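Next up is one chain by itself, shown in structure tokens, the form predicted on its own.
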């Protein structure tokens, strides 16, 4: 069986988990701690980042961009209409633009800092930056997320899905990052009803159910995290 090395609150790992769910790929999940990866995973990906996908023949594909493209090339039959990257060159360009928005800009301005301050600092060893969170960094991230919710709301107002007519990696990337922040209770959903309605649609899909069951020991999510009618 295909193996996926991941961390439950890694947004990039979550995007691949959503993708394999949408593509009906059965995977064995192997949890890793991103601040202290095991030697085996470091050998698979010397860059030291998650996720890492390992095929049955033990060949490894590492990193969010490589895995998403690899799944498209190996698990989406030609003409099936199941592509998560788009059906035409222009659609794929738009999906990749939005994926970069969330994986780079949203991650830099919101999810990365919140996860560092509220998760990494809590569980990582002291020499890796453990200690109380930086409240200024938390306030900046909570302020930054509002512009991103506005952008999602604007897209959802004019399109069926964020990248166009079909569910794509744009939706999965946005949902993966937001779901991590939502687990921490830091998404101000009241600021954009349209963004919230879009998230409810993604959250209600079967591929999302495993994410709603995630539990970090010693850090349970708010009750609304797993509620489809929040």
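Since we're looking at a predicted model, the values are computed, not measured. Residue numbers count along the first chain shown, from 1.
If you look for the form predicted together with a further copy of the same chain, you will not find it shown, but the lines that follow are about it.
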item: Heavy atom within 4.5 Å of a further copy of the same chain in the predicted bound form - the one residue of 70, 189, 161, 35 that qualifies; value: 70
item: Heavy atom within 4.5 Å of a further copy of the same chain in the predicted bound form - the one residue of 146, 82, 122, 105 that qualifies; value: 105
item: One stretch from 23 to 31, 168 to 176, 55 to 63, 200 to 208 that, in the predicted bound form, holds residues within 4.5 Å of a further copy of the same chain by heavy atom; value: 55 to 63
item: Contact check for 135, 139 and 196 against a further copy of the same chain in the predicted bound form, heavy atom at 4.5 Å; value: no
item: a further copy of the same chain contact at residue 89 in the predicted bound form, heavy atom, 4.5 Å; value: yes
item: Residue 46 within 4.5 Å of a further copy of the same chain in the predicted bound form, heavy atoms; value: yes
item: 4.5 Å heavy atom contact, residue 118 and a further copy of the same chain in the predicted bound form; value: no
